[in-house]
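In structure tokens, one chain follows: the form predicted alone.
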Amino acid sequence: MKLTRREFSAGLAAGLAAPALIGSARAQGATIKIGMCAPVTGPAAESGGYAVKGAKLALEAVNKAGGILGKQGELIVEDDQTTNPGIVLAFSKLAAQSDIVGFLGSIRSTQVHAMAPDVLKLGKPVMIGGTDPNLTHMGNKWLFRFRPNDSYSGRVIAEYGVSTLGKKKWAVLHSTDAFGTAGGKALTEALTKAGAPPVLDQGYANQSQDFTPVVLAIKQSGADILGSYFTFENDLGIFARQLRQLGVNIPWVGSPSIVNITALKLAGPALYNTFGVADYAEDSSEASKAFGKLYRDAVKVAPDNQSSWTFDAITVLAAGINKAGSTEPEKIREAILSIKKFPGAEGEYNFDQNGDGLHGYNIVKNEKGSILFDKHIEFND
């Protein structure tokens, strides 16, 4: 489905305002409050800043289009400190405020797992960016995902590396947390199905300062291509530089962190000519281009998935509340699940009953620091 920027803006405004439903609203208070857990401090503080900016830009657009149930939306941010205990504490502070109607959780799967029991207990909608497939398949009906899950990313990495790049001897590198373990498993399964089982499956601990043993293992494995799932951009930056310093120059196809702005700054030329599966690619659709222009004009830097998923999460949550005509959690949930063909920065949202809104990935290439869109691969199963 092709949309012009004008059509995207008009559709966004119409979905947000929902004037026929506003009159039936029963929300109390001067504003409609949305809570957000974000890494204001810790190793992901820079990317956390991008996430908050994306959410604020969306809320500004929502408010200009008529708000939520006829009221202005208000964002309340709590610092998750880039840790699991930190996000549990941050969410508990937000959950204690009974007038908050919905929440944004983390882009990191391990943090979403940590907060998930409290989400289930609270029983209010939480938008997430974590990509571990298990997150929306563990009986928690309050989680709604705004990035494609890693059952898709593993298949796209394998398909592109085997069929397009023609490589069969894979080294699979992943963090040992929930995100990396699930991603590594998905990639290994996809490669095995494609007739190219990995010659190396290598895990690493988050916040490692020296990846020399990992690089040597890759070098000694005889692999002719690398597939990776990095949780933190600073780890990826250190690894990329050490990989090149030790003379490993095989093709590399990574999970979305390989094209995040923070990783690109840290790694520099060490990431040139690498490939990534990217949920956000600025040239992948008219809606993606419209968000890219909005973000660049406001923030003066290029957008990435840290800001795009939060922009979409606020936009869809607001549209869902307006569609429901209510702030009752169950009604919001049903309204979000009914959203189809909704053009977002990340892609076209078609929510399934598990709470997954997106079902495909983009392939991009790092061309001397510029991220170039190649193609989008969508799945219907």
Partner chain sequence: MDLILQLLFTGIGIGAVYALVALGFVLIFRATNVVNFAQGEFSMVAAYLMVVCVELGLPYWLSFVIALAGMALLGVIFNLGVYYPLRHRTYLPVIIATIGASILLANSVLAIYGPQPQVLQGWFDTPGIQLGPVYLDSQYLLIIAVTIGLVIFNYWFFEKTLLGKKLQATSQDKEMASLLGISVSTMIMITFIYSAVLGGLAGILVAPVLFVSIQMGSTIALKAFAATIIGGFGDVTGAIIGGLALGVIETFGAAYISVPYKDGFAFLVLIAFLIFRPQGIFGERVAEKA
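We call the rigid core whatever largest set of C-alpha positions still superposes within 1.5 Å between the two forms. Keep in mind that this is a model prediction, so the values were computed, not measured. Positions refer to the first chain, counted from 1.
There is also a form predicted in complex with its partner chain; it is not shown, and the following applies to it.
| message | Since the partner isn't included here, can you check whether its partner chain sits close to all of M115, L122 and L143 in the predicted complex (heavy atom within 4.5 Å for each)? | response | Negative, none of the three is within 4.5 Å.
| said: Given the stretches 191 to 199, 125 to 133, 284 to 292, 213 to 221, which is the single one in contact with its partner chain in the predicted complex, using a heavy atom cutoff of 4.5 Å? | reply: Careful reading of the contacts points to 213 to 221.
| request: Would you please decide whether G86 lies within 4.5 angstroms of its partner chain in the predicted complex, comparing each non-hydrogen atom pair? | output: Looking in the predicted complex, residue contacts with its partner chain do not include G86, since no heavy atom lies within 4.5 Å.
| Is there a non-hydrogen atom of Q209 within 4.5 angstroms of a non-hydrogen atom of its partner chain in the predicted complex? | Output for Q209 is yes: heavy atoms within 4.5 Å of its partner chain.
| message | Since only the chain is shown here, I'm wondering whether Y204 would be in contact with its partner chain in the predicted complex (any heavy atom pair within 4.5 Å). | response | Judged by the heavy-atom cut-off of 4.5 Å, Y204 is in contact with its partner chain in the predicted complex.
| task | Give a yes/no on whether G237 approaches its partner chain to within 4.5 Å in the predicted complex, heavy atoms considered. | result | Looking in the predicted complex, residue contacts with its partner chain include G237, since a heavy atom lies within 4.5 Å.
| task | With its partner chain left out of view, choose which of T274, T262, T181, Q81 has a non-hydrogen atom within 4.5 angstroms of it in the predicted complex. | result | It is T262 that has a heavy atom within 4.5 Å of the partner.
| Which listed residue (L246, I250, M138, I76) meets the criterion of a heavy atom within 4.5 Å of its partner chain in the predicted complex? | Contact check passes for L246.
| said: Once the core is aligned, does G247 move its Cα by at least 2 Å between this form and the one not shown? | reply: After core superposition, the displacement of the G247 C-alpha between this form and the one not shown reaches the 2 Å mark, so yes.
| query | Do you see a C-alpha shift of 2 Å or more at Y152 between this form and the one not shown, with the core held fixed? | reply | No; that C-alpha moves by less than 2 Å between this form and the one not shown.
| Rigid core fitted, then: does Y204 show a CA shift of 2 angstroms or greater between this form and the one not shown? | Yes, the C-alpha position differs by at least 2 Å between this form and the one not shown.
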